[in-house]
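As structure tokens, one chain now follows by itself in the form predicted alone.
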Amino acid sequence: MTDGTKILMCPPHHYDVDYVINPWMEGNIHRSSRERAEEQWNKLHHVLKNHATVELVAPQPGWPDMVFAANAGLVLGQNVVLSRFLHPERQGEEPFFQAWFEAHGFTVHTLPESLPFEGAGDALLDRAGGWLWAGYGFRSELDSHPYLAEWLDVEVLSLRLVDSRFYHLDTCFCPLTDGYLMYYPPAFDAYSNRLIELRVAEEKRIVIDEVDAINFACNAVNVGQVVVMNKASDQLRQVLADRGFVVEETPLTEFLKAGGAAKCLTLKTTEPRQVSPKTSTIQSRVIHLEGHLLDSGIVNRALDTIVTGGGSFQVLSFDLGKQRQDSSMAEVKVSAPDASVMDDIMGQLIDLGAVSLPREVTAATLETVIQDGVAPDDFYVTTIYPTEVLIGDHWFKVQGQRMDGAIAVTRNPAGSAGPESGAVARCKLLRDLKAGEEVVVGSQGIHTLRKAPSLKKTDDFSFMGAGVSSERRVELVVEQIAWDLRRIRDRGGKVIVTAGPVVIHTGGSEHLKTLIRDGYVHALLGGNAIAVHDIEQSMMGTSLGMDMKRGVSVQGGHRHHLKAINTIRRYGSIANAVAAGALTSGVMYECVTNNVPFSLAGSIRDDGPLPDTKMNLIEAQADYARLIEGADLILMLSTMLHSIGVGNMTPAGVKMVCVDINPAVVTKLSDRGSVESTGVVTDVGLFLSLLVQQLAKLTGQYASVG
């Protein structure tokens, strides 16, 4: 026996694999040999008695996992935090462990019943720094960690487990004497691995491979320079030997069937107190969600966002409403290991419409821009949804709402009751930020409206739900779109079309021209190509050298698009060519003659380009944004990149219809965050033909009613 270390163990007299509460138990129900388990436990007990004083707690019938004494609680000095087991199969162990601790003079702290924490299985003291490594993600909740910091007067560092095979921290993480650490990095998320690297010097980190990990090499008992474990590879044994450690193997295969080994079977009850500040970096906030939470899937997405983001949650209340049409409401406590993780989680929750409750709300944090075009670190990234920001004690609506910008705040100190009441919050692209402006950082004091109202409340868009319509539903969707186009036109609304050259190649130009002539299109957005091929077809009857009527190549036709470009360049613009009588038909002709503004954004592949094409990307983006402003509906016709660009700069409340023969294209817009889009999987020429036909029917219906 060495340094006075005491270890608690529980004999395996009632041990068996009676249920499944971790992956190791799968397929092992009642397949463990009690005789071999007793033999292996006795060998471990004998080995440990050579290095420490071993004390025993009496096993109890009906609680087969009580043998895993590490989960009895967490001991530091004379204090112990009793475990609160997640699974009912182990909860009956708690009073027996509590009685043992109290009988041996420990001060026992008990967590709230609804807060899982599984003792030294998920909390391990660093052997040099004196802080506590605490795991969460499967068995213990993050919200238990502040209690550990308070009751044990210790700094707590939270590590998130992400591999269900390593459901407890001690299955993949083993602090060793002199500050060494043996661990398996894939068991943790990126944040936790970074935290480990910041706290433990590289020369002190002993990274094990998967073979040693699944043999539970990290589930070891360390006393002085001795490391007792189930099994170690020759390589790991040598690495430990090079650092002055002696490995003692003792097979524990019967206990691996239940997901435990040497460390799980033991609890150190003599953990000397080291000087360490009582701190916890854990952040908590309470959020409010409201809407059709189940139908929309928002509540599931919110909870998934919290967990995948590295946090944990507690549902404080959930009201489903009494009728189907009633809104649901939920209050959720969100916890994160530190402020940076909390900000990332809250940023995503805000995107889903989450609102911090009044008692949790603090004013937005502002930092000054010190370099033109560069935001401060951790700036809040905007979404398409209407946003409000709390400056001082006033909420301000963010102007110019769009995706992927920053919120810049300017103040008007004169002519107002206070400096905040004269503030203006505006969504700005990074390139537009100016030194001296203030920018919102973090996620405090931000509120978004997930369900933005239609810009014209009198319109009830019948296809509001985002989704992709297959070809068998095209006629139904076209009928719905036609009704909306007619209503928007008749009340003076605004429809934008963004289109690619496929519209011309598929014969859709005739139908697009009809839409423009009949007043259904109020701006056209595209690239150089749609204009070039439209003009080629109008002047020469070909598109990319193909005769559009006969569907055959024309000799020398590959030069036609260049001849079309050259003609327009001679006149200086498309409008000049129309005025001179050189361009007498086509989509671009209809735009000019019907005073429909258009914007052509150039790219590196453009021939020519046309004089009207904006080759300066920033100018093109600004022109697109100008034309989109005030739009009610956007038709996106077979042009993925232009559609994504338009979607990113369009605020919520504008309905979008994306048409393409490729399903991957029509789902892309929703994947990018423009969730108020409907995808139609079909040939764009067919779609436009059906749309024009349906609008003609509506015109006939209107006429007959008149």
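Sequential numbering from 1, following the sequence displayed. None of these values were measured; they are calculated from a predicted model.
What comes next is about the form predicted together with ligand ARG, which is not displayed.
A.B. asks: If the cut-off is 4.5 angstroms on heavy atoms, which of these, H145, H522, K513, R90, is the one near ligand ARG in the predicted bound form?
C.D. replies: Partner contact (heavy atom, 4.5 Å) among the options: R90.
A.B. asks: Only one of R285, R139, H560, R160 comes within 4.5 Å of ligand ARG in the predicted bound form by heavy atoms, so just point that one out.
C.D. replies: When ligand ARG is considered in the predicted bound form, the option within 4.5 Å is R139.
A.B. asks: Looking at 392 to 400, 614 to 622, 312 to 320, 252 to 260, which lies within 4.5 angstroms of ligand ARG in the predicted bound form, counting heavy atoms?
C.D. replies: Result for this chain: 252 to 260.
A.B. asks: May I ask you to check whether M25 falls inside a 4.5 Å heavy atom distance of ligand ARG in the predicted bound form?
C.D. replies: Output for M25 is yes: heavy atoms within 4.5 Å of ligand ARG.
A.B. asks: Should C264 be counted as a contact of ligand ARG in the predicted bound form, where contact means heavy atoms within 4.5 Å?
C.D. replies: Flag for C264 set to yes.
A.B. asks: L698 versus ligand ARG, in the predicted bound form: is there a non-hydrogen atom within 4.5 Å?
C.D. replies: No, no contact at 4.5 Å.
A.B. asks: Would Y167 show up as a contact with ligand ARG in the predicted bound form if we use heavy atoms at 4.5 Å?
C.D. replies: Result yes; Y167 sits at the interface with ligand ARG in the predicted bound form.
A.B. asks: Need the contact residues for 63 to 81: heavy atom within 4.5 Å of ligand ARG in the predicted bound form, sequence order, or none if there are none.
C.D. replies: If the 4.5 Å heavy-atom criterion is applied to ligand ARG in the predicted bound form, 63 to 81 yields D65, F68, A70, N71.
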